[in-house]
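The chain below stands alone and is given in structure tokens; this is the form predicted alone.
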Amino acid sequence: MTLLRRYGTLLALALIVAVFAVASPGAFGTVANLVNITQQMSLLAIVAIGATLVMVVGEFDLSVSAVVSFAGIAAVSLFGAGHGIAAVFALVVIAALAMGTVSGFLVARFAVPSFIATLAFGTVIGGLTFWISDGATLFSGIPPAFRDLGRGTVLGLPVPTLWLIGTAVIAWLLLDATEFGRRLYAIGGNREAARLVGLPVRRDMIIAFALSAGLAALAGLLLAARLGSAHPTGGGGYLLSAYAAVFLGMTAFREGEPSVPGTLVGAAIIAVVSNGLTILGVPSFLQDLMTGAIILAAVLVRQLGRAGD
């Protein structure tokens, strides 16, 4: 049971991979498909890593999907206005950081519950996105070089996978190898105690929310680059999946603590299940049902391991 408690989620991932490899060895169990899975999980994992930063301080950011949609629409709109790629990236990310700062300020300074603050502000962002786009899909004026940022391969790895690797390494180092990361975990562990010992609780919480929005914007930019277009609801599917990845990750390594490696495992489970079910020809509506069931089973395996200790 100790093995289940410590590595239950990892074992669940290995079991899921094995089942699909046996069910479809010629399609699922190939190196090309495994590389493809890393590409499929890349944008979800980037959003989930941002959500992880907020979860570390014990809060939620429900505006991430709205920021993903906003980033894509804002980028294509700016391209249409004649701005270059570097300027578009900078403007969109800065706007997202400002949005995250506002959410964090509402939570940290005025003690507004993060569920309410980020849900309300996410609704505002969604309205702004529809206003900018007039509710339409935008696709004109996107430079080919921008599309390359979300497509193609480098050294055999998909470009989105490389973005994920870079993001994950930086976020992991930030949380596990810096004073800032240790402060975030201290805030999440006991906010009042952190305040009493003089930690900048409000400031660090605001930064966590800002970084979450910034990573959501990065995912939105890469999504627009990959698709060559942007839709005002393009990020709608990322919220629940991102938090499913985070919660799965909390059962993977540390005792109930969010972590970047854990979130990557959670995102991998979601991507593997989606990929495997698609290869097997399972209808999309059944995929949602089975994905939810598999996530519950993975968490249950971990909980059974705890109960047996």
Partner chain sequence: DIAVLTPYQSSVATNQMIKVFEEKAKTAGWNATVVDTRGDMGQLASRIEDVTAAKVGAIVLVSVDPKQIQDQVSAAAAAGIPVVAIDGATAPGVMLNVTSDNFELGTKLSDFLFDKLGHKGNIVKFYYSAHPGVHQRELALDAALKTNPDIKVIAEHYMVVPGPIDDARKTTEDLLKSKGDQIDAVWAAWDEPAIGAQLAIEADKPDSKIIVAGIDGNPQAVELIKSCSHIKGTVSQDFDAMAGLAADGLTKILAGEKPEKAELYAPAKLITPETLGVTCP
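Positions refer to the first chain, counted from 1. Since we're looking at a predicted model, the values are computed, not measured. Here, rigid core means the biggest group of C-alpha atoms that superpose within 1.5 Å across both forms.
As for the form predicted together with its partner chain, it is not shown, yet the points below apply to it.
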query: Options 228 to 236, 74 to 82, 208 to 216, 88 to 96; stretch whose heavy atom lies within 4.5 Å of its partner chain in the model of the complex; finding: 228 to 236
query: Contact check for Ala145, Trp163 and Arg203 against its partner chain in the model of the complex, heavy atom at 4.5 Å; finding: no
query: 4.5 Å heavy atom contact, Thr101 and its partner chain in the model of the complex; finding: no
query: 4.5 Å heavy atom contact, Gly156 to its partner chain in the model of the complex; finding: no
query: Exercise: Thr167 in contact with its partner chain in the model of the complex, heavy atom 4.5 Å; finding: no
query: Any non-hydrogen atom of Ser259 within 4.5 angstroms of its partner chain in the model of the complex; finding: no
query: Members of 137 to 154 lying within 4.5 angstroms of its partner chain, judged by heavy atom, in the model of the complex; finding: Thr137, Phe139, Arg147, Arg151
query: Core-superposed C-alpha of Ser284 shifting 2 Å or more between this form and the one not shown; finding: yes
